[in-house]
Each structure stands twice: as structure tokens, then as C-alpha cells.
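What follows is one chain in C-alpha cells, specifically the form predicted on its own.
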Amino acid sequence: MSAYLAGTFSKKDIDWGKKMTENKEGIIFDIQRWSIHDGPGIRSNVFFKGCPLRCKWCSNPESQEVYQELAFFRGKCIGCGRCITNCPYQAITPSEEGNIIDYTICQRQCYQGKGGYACTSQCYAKALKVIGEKVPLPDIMKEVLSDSKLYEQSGGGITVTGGEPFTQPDFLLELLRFSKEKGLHTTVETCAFTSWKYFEPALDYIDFLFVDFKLYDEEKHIAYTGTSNKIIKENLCRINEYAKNHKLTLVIRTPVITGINDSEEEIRLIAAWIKEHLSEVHIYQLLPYHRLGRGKYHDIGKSYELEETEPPAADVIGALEQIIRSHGLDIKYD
């Protein structure tokens, strides 16, 4: 088990967790403690693997596939050649620029055939690493509950993010139930592209909900994320109806990408749609694009299409936030 899965957890809790999940596991790729930007107070963020969208600006490409992925960190490679010698499918070949990996062979033959990647155990330098880990519910809660006092003092709790948490709906529901059983404040970050049959039962265990509204136009949404936004809009309307009679804070967010959705018209359309359809939403946030995830694409054998895209200027974001305010919406939550 990873080093980050540590902490105090009683035998009663472990037994209860095992009973709840019946040996179910979630695939996660990180647990981030002491977060202050993903919900109220100090929080522990649990990152689920898997996402139905393929946003061209995604800063966590390692979160997209639900399975455990192979990553190659070239800067750590010492050129010992053990991975090449021990690869049963000849998926790794040497070159002057360093090893070249056919990730398709790795996933389809090695991972699916053997239930893991053969090369990682042979890598002295840890240049080859598996992204994602199958983790039982009690082990996740060890880490989360170790900061219970911080949650109590700050009004924080657990935030489930990703990837897309609803890609693993059953495990998400059990994690949320367990968290509420322990008195934790719960937050979920989602793109809302999922069946309502999965979303509806989870709402009773969610206190704070971030939903991404990336693009207004459906065709443009398909072009830049790979999916329609019809289901997202439908789910938002249903969530809004739920929030009318339940204690749920719903925040809409848009990642602002230069040249894609940073126009005043785009944000005006989204803000107007929120005002017309989401009576319970009072906060609409903008998340300026950043380039911090570019290197991750190379590590997992993917290409990044926005290499030349720059973050939006501060005055651009300021003008867009003025549009949001003009629609009677706030841009920050307390």
C-alpha cells in the first residue's frame, strides 16, 4: 500500500467499511491533504481515475482512463536496460533520445493479460511507474480521518474529485455514505456527464457540489471535450430542483481557455443560462487556464494539442467576471 495511505483507524471502522463495500475497491491516483481551494475549510482531496470527457486543456491526463496506467519519467531513467530485457511483449525499444514505449501494447497485452505492468518492478530508478492504485474504502478513510480535527476547526472535510468521480459511481456512493456516517462535510467536483440514476442517490450525501460548465454551444462542446453537453444541462436542472428542498451548495465553474471560450459572448451565454434555469445557483466561478499539466502527457505517451496556448490575461478574466456580476451572480464562495 502507498505511503500516503497511513493514519489511525479503529478495527470497528475497518470492519464496518468492509461490510459496506463487500470488498469493492476504487481506483484512485492521489490523496491530497490540507487543500484550501476545493470547498470550504481545510480538505482532503481524493482523486478518482476515469473521465468520460477528453478536454483538450485537461491538466490531469493521467486521470482520464479508469484503468491503472504506465508512466515513463525520462529524467529519472539511468539507461540500465532492465525494462527492455524483461518486457515480455517487446513494447520498449532504445533510441538516442531515450527509450520509446508502445503504450498500446503495454495496456492491451501486459496490463490486461497479467493484471499489471511487468517492467515497473525491474526499474531501479523508478522511472517507470504505475499511475493509479486499487484501494479499499477503509484505506482511503485512514488518510482522510487523520485530519478530523482540522476539519472541525476550519469547517472542512473530504472532496472527491478526479478525473470524474461518477466514472466509479458505486464506489463513490459508498465513500460518500461512509464520510457522512463519520460526520464529514462532503464536496464533489464533477463534469455532470453521467446517468441520473447514478447522480440522484449520491445527492443525499453531498453538502457542496462543483459542476463544470465548459462551453455553451453543443457542437463546440463536442469539438473540444469529445461529448455533448445536453446531459450536463439536464443534470444541472435536476440538481437545481433537488437543491430547492435540500441543503446543498451548488457552484458552477468554467475553465477559461484562451481562443476557445474566453470571449465575453461565451461567458454571457453561460451566465444567462444559469440565471434562467438554475435558481439555486448564486456562484459562478472562472478558472483561468494554466499550462502545468503539459509534461504529464509525454509521461503517459499522449500528445498535447494546446502547446502554444497562453493563459488568459488578468484583465480578460476581470472583464468576464464583470459580466458574471452583471447577471446577479457572485464569483466567490465563503
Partner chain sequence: METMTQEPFHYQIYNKPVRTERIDHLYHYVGASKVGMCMERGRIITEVYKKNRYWPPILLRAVTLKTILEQMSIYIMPGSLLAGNQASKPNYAPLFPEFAVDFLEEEFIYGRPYFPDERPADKIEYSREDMPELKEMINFWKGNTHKDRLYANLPKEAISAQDDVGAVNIVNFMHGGCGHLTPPWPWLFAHGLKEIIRICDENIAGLEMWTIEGMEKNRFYTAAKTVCEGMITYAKRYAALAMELAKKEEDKTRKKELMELSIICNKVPENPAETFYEALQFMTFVQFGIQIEDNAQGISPGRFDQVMYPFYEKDKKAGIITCDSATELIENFFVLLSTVERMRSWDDTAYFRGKPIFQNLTTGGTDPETGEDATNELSYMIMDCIANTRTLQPSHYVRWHKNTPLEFKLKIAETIRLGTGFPAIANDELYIPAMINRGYDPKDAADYCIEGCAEPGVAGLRGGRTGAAWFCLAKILETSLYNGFDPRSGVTLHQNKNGKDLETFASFEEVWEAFMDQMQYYARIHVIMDNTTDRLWEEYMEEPLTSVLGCTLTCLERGKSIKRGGAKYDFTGNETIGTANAGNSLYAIKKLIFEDKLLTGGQLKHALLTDFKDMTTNPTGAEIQQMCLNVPKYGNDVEEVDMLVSKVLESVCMELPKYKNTRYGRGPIGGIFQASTTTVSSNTPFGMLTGSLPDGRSNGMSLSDGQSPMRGTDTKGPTAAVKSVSRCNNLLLSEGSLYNMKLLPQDLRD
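Bear in mind that the values here come from a model prediction, so they are computed numbers and not experimental data. Positions refer to the first chain, counted from 1.
Beyond what is shown, the protein has a form predicted together with the partner chain; the following relates to that form.
- Among residues of the shown chain, K134 is not one whose heavy atoms approach the partner chain to within 4.5 Å in the predicted bound form.
- Residue contact with the partner chain in the predicted bound form: K230 places no heavy atom within 4.5 Å of it.
- Contact check for R82: a non-hydrogen atom falls within 4.5 Å of the partner chain in the predicted bound form.
- Under a 4.5 angstroms non-hydrogen atom cutoff, the partner chain in the predicted bound form has A125 among its neighbouring residues.
- Contact here is defined as any heavy atom lying within 4.5 Å of the partner chain in the predicted bound form, and by that definition each of I78, D147 and H290 is a contact residue.
- The single contact residue among R33, K302, H282, R268, judged by any heavy atom lying within 4.5 Å of the partner chain in the predicted bound form, is R33.
- None of 93 to 101, 219 to 227, 125 to 133, 183 to 191 except one has non-hydrogen atoms within 4.5 angstroms of the partner chain in the predicted bound form; the exception is 125 to 133.
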